[in-house]
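So here's one chain in two forms, each on its own in structure tokens, numbered structure 1 and structure 2.
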Structure 1
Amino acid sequence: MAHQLGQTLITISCHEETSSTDLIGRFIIKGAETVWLDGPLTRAVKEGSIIYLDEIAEARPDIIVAIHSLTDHRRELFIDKLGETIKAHPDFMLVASFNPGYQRGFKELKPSTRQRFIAMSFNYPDENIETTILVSESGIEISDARRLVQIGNKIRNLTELGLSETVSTRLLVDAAKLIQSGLPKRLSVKVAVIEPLTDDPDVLQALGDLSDLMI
């Protein structure tokens, strides 16, 4: 999107240690004086860039507070350490993403934050597209790629196992790369798809038996 719009893209991977200071800016010592250094959010606001906050649900509460005034009708950033308020450039855009549901009740966006965004939900690609992705990313045979996608879809539908995360396209690509490198197919699925999903021995056994039946 940034390429098509001709805008600069700034990506921030949020985690529990990411603070509003990391995004907005801080004072630093330069030579014999103290100078202010803009953070990536402040630069994006001034320059009209697109800033992408990945896994925003992992961010500390002070970051959420900092972006509220940017994501409503005000479109402005308050820098408390400078006592300044900056109006966003007309081209400024804030994009955020997170995986919903896997930490329900623990790490979720508050309604007051969610309602400041236009929302789009992304599901898994359909079988043909996901098969094409695996072939493109790994060079695996299309028949093997299709079988991996079928295993992934089967596990995704096993809601009764209570998995906190299910099979991502990333895991299937990892398995495809291992198969392409010469590792046996069942072992590739076990180490790249099954084992990363859970530590429960009974669930591991059930998933392993399922994948073995399909390969």
Structure 2
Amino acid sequence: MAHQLGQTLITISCHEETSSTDLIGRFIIKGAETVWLDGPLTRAVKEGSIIYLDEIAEARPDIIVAIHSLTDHRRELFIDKLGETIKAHPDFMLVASFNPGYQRGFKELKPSTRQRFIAMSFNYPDENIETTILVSESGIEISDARRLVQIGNKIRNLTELGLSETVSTRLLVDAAKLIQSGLPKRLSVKVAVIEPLTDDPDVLQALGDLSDLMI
């Protein structure tokens, strides 16, 4: 979308140590002096970029506080270390993502933060679209792409295995690329799809048997 809109996109992959300092900026020592270095959020606010905070629920709470004033009518960022408030460039836009989970252990966004965004759910693409994606991304034969998608969907439905992450389209694309470059199909699925999902020997065996039956 950034490309289509002719906008710069800045992506930040948030994790549990990502703090507002990482996004807003910090003082650094340069030679004999201390200089201020804008973080990616400050830069995006000033220059009018699209900033994408991937996995925002993983970030530290101070980030959520920092973006609140950017997500309502004020559209401004308070830089506490400088004691300054800057108004967002008219082209600035904030995009964030997270994976909702309804089991313990998955971080959620607070309702007071969520209601500052419009939101869309993204589920896995349907079989035909995901097959098209695999073919487009890897050049693999359509019949092999469809088999990979079927394996992916089968594993996604095996919730009783207790996998904390399941098969992403990205993993299927990786498997398709390996097959396209000549790695045997079963080995491609094993290393690109199954091994990244679990370390449990029984689950590895079960998923391996399943994929060997299907491809």
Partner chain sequence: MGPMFLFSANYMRTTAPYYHAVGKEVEVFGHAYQNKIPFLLKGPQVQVNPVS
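Keep in mind it's a predicted model, so treat the numbers as computed, not measured. Residue indices: 1-based, along structure 1.
Chemist: Does the form predicted alone correspond to structure 1 or to structure 2?
Modeler: Between the two, the form predicted alone is shown as structure 1, not structure 2.
Chemist: Looking at the change between structures 1 and 2, work out which of S143, P90, S121, I29 is at the hinge joining the two rigid parts.
Modeler: My reading of the hinge gives S121.
Chemist: Quote the angle in degrees describing how far the smaller of the two rigid parts swings relative to the larger between structures 1 and 2.
Modeler: Turning angle of the smaller piece versus the larger: 15 degrees.
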